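Below, in structure tokens: the form predicted on its own, a single chain.
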């Protein structure tokens, strides 16, 4: 039963971060502007972050989805989501209204609210919980890692 739960969480988390990474990769300029609105980072690292962070999300999401080093990827993604959550809490405390940039153009196309608010914090906490579950559950189904162990 826990292996099946891990698989379900892998599909949800992996799919979401694969898609959100791709959405930001497709429009790095928009992501640069979003990062500037948070007023957390020095200007010189914003372009670097806007280029590489979406690729990290995409790769971690892909690894979790296909089940390749998925436990390590889930732990890294939990820490990454934790940093996103602190960033969102920071703008909430400072009274800054900003689009969180979580889903990039996809949010606009699907008319999904994508604000840095308490809903985003709660959503992130749920994702962190799912990632921790993926990490803690040592077995899963339908993974490249399991296939390689059998070969």
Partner chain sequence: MFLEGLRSPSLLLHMKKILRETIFILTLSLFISLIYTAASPSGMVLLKKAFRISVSDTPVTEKVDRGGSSQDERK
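Residue numbers count along the first chain shown, from 1. For clarity, every value in this text was computed on a predicted model and none was experimentally measured.
In what follows, reference is made to the form predicted together with the partner chain, a form of this protein that is not presented.
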Touches the partner chain in the predicted bound form: residue 86 (any heavy atom, 4.5 Å):
no
If we define contact as a non-hydrogen atom of the residue within 4.5 angstroms of the partner, is residue 41 a contact of the partner chain in the predicted bound form?
no
Are any of the heavy atoms in residue 116 no more than 4.5 Å from a heavy atom of the partner chain in the predicted bound form?
no
Even though the partner isn't displayed, in the predicted bound form is residue 28 close enough to the partner chain, meaning a heavy atom within 4.5 Å?
yes
Would the partner chain be touched by all three of 100, 121 and 124 in the predicted bound form, meaning a heavy atom each within 4.5 Å?
no
Restricting to 44 to 70, the residues within 4.5 Å of the partner chain in the predicted bound form through any heavy atom are 44, 47, 48, 51, 52, 55, 56, 59, 60, 63, 69
